[in-house]
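The chain below stands alone and is given in structure tokens; this is the form predicted on its own.
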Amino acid sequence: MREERVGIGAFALDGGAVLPAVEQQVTIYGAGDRVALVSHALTGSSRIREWWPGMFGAERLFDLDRWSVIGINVLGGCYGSTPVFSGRVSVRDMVRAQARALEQLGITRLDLVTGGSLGGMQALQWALDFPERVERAAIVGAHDHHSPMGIALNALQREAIAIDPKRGLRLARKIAMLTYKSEELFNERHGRRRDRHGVDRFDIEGYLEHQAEIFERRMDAHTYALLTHAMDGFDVRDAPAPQGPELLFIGISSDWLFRPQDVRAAAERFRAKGARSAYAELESEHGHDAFLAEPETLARIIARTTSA
């Protein structure tokens, strides 16, 4: 693994603000001939192998003897890239900044762009904005716009942060965790059992409190609000079909945040416009988080469907 901060100079955001000097935090694994860009989700970082280890290995999607795998912390992220305090960042801004960083590194062609959730939005934006540079895009647990339900849930989380950045961030994480899991998984793992550590509460309450404690230590409240706004603004339903890249939309059977029927509909919209667009489904009880919880199964879907 090697890491570096790549300067891309002044950068104009879609909203009109200009950042005078932007740096992108880049992490690169392997030195193979095939190049993959893995875009992280809402709270991720450029260190892909830390949050998606199941995708790496000789018998998995990314054999590092064959692949060079690149992660870039999104513009405005809190894991090394330049923060943004004036204006809002769009998914398109994130992708344009990544493209400039890759140009600085001499990387002009990507065999695969993939990611889940916000990462899936970025993968689709890459195929739309830079079709000549992308061979295939695997869009996981995301579709071509953020839904009204997703926007509403993000708004509640930002409102909590606005009231109290510290306690609000904890509450935002608890709300988010409910959207990332399925009812079936919660019934199986927690049910109505009392807290496993003996505290006077239900086990599900203890689980949410534990997640909030971890999150408070690693996430910045301003970044969280900024990136959820970026998700809310994502809508490429009217974009022309990219000519060249293969699009693979992957829905998750138990995901109620990005419902599989909506992911399938996005694949069909792009196919109807002439894109090479296909749909596959990951069967899982893990909900939206299945792309993190079942990486080996997901890797087989991507490898089988895209010949990656």
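Start at 1 with the first residue shown and count on from there. The structure displayed is predicted, hence computed values, not measured ones.
One more form of this protein, predicted in complex with another copy of the chain, exists but is not displayed; see below.
(message) Can you tell me if residue 259 lies within 4.5 angstroms of another copy of the chain in the predicted bound form, counting non-hydrogen atoms only?
(response) Result yes; residue 259 sits at the interface with another copy of the chain in the predicted bound form.
(message) I'd like to check something about residue 128: if you look in the predicted bound form, is any of its heavy atoms closer than or equal to 4.5 Å to a heavy atom of another copy of the chain?
(response) Close contact is absent here: in the predicted bound form, residue 128 is far from another copy of the chain, nothing within 4.5 Å, heavy atoms only.
(request) State yes or no: in the predicted bound form, is some non-hydrogen atom of residue 200 no more than 4.5 angstroms from a non-hydrogen atom of another copy of the chain? (result) Flag for residue 200 set to yes.
(message) Quick check on residue 149: any heavy atom within 4.5 Å of another copy of the chain in the predicted bound form?
(response) Contact with another copy of the chain, yes.
(request) Counting non-hydrogen atoms within 4.5 angstroms of another copy of the chain in the predicted bound form, say which of 159, 195, 213, 103 makes the cut. (result) Filtering the options by heavy-atom distance leaves 159.
(request) Quick one: from 153, 78, 226, 107, grab the residue that has a heavy atom within 4.5 Å of another copy of the chain in the predicted bound form. (result) Comparing distances to another copy of the chain in the predicted bound form, the residue within 4.5 Å is 153.
(message) Check for me whether another copy of the chain, as it appears in the predicted bound form, comes within 4.5 angstroms of all of 164, 167 and 178 - heavy atoms only.
(response) Every residue of the spot touches another copy of the chain in the predicted bound form.
(message) Tell me which stretch of 213-221, 94-102, 107-115, 178-186 has a heavy atom within 4.5 angstroms of another copy of the chain in the predicted bound form.
(response) Of the options given, it is 178-186.
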